[in-house]
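Here's a solo chain for you in structure tokens, the form predicted on its own.
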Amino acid sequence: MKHKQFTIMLVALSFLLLLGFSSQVMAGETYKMGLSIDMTGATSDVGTPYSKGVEDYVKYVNDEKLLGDDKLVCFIRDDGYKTEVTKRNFEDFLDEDIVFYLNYSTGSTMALRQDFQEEQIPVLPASFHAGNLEGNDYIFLPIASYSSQAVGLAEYVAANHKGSGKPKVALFLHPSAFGRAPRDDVKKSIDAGLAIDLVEIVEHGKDLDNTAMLKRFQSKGVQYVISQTVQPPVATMLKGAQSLGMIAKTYGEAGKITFLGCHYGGGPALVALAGSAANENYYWTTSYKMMTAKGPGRDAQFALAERYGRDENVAKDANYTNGIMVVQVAVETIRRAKAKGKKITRAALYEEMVAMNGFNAFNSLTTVGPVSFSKADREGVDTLQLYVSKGGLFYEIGAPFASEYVQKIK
């Protein structure tokens, strides 16, 4: 009798173990990613909405079963814009067996290039510095580089300047590798024939008063300022220029200054910081679509933000879009690898990244052109869109374009 009871217990236990195993199989695989980002440091105004875009789209992927029964996990850690913290975060993520990595700053991306190469892990950074791609095979820029953006703005200035002689331009840069990234390429473009007069290059500090700088610009006849930095210092500069009556009311207005900015130096968040100083005629370029353009991309982004409890400011922020887009690309590589029956590994995802071109380019709805990568070209969206602020919103000017001179100086 005891033997019979023992046998029944073994059968029951075996059934429970089999049931547990079957449940795990039915639950699918879990794919892990990591994101180290600045949410409390000097560029937290960028990092915070970016991290929310990543977080929300990962939730959406799982809630809508975009990967079937498989799950996506993204570990998100604050690094305070400190490279040494980013490195520790990355090492911790490796212990979690991540197959894809989202880095943030230019400085840390460059510092960790060799680590990424040794780990052979595909990386999408928030930094668009073209130099990130040098000496590394695994870093991919989501959109057109800072050089493409700054040179593209300079080309627009040269083509649309109505005064006599070359337009006089100043560069307003973040005091870091991020800020300096396009500086030399602007100079090279001028040497190659770009018709602007680069009067001054300024690396801004933490000053709350730019009066001396702005008056110096005025005394040198500066007509255009191109910013490659984040929104707070641009907002400070614009408010100072407004108080001095220097901001051009129309593009290229004589005796005034027309202000322009690259991706992180503009967008709706800039208007929130600068108020009326950025409400009208601030020119800005990025490869991301703005929420003023009606279409499925805008509708989807607003719906995503509402679904996960984000306010309107986050929903309209270009860096929320940025965070969504990098997860979209990662998920698309996983989806493509799964469709081919591949085991999801770093190597498999890298193969899908470099094959994402031609007819296989990825249309994300968040960018003004397709996302396209190859082994020879790891700069994602090649085209830019010029925007201008009107009534506190950014609207498209013309069609998406690619920088002519960046191609010439490569």
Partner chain sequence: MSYFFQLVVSGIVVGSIYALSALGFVLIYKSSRVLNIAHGQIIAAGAFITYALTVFVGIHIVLSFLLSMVITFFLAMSVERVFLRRLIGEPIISVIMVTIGLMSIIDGIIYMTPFGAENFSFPEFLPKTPISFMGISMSWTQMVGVLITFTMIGAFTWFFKASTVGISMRAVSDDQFASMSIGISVPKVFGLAWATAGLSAAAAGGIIGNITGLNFYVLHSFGIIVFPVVIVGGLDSIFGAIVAGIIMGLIQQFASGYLDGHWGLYGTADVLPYIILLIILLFKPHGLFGIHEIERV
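Positions refer to the first chain, counted from 1. On a predicted model such as this, the values are computed, not experimentally measured, just so you know.
Form predicted together with the partner chain: not shown, discussed below.
Only one of the listed residues (Leu244, Ala254, Val73, Ala192) places a non-hydrogen atom within 4.5 angstroms of the partner chain in the predicted complex, and that residue is Leu244. Residue Thr211 is the only one of Asn160, Gln114, Gln120, Thr211 with a heavy atom lying within 4.5 Å of the partner chain in the predicted complex. Contact check at 4.5 Å (heavy atoms) against the partner chain in the predicted complex: none of Ala130, Leu153 and Thr250 pass. Contact annotation for Ala269: at least one heavy atom lies within 4.5 Å of the partner chain in the predicted complex. Although the partner is absent from this view, Val225 stays clear of the partner chain in the predicted complex, with no non-hydrogen atom inside 4.5 angstroms. Remark: Gln231 counts among the residues lining the partner chain in the predicted complex, judged by a heavy atom distance of 4.5 Å or less. With a 4.5 Å cutoff on heavy atoms, Lys220 counts as touching the partner chain in the predicted complex. Contact with the partner chain in the predicted complex, defined as any heavy atom within 4.5 Å, is confined among 330-338, 101-109, 121-129, 198-206 to 198-206. Interface residues of 46-81, taken as those with a heavy atom within 4.5 Å of the partner chain in the predicted complex (partner not displayed): Thr48, Pro49, in sequence order.
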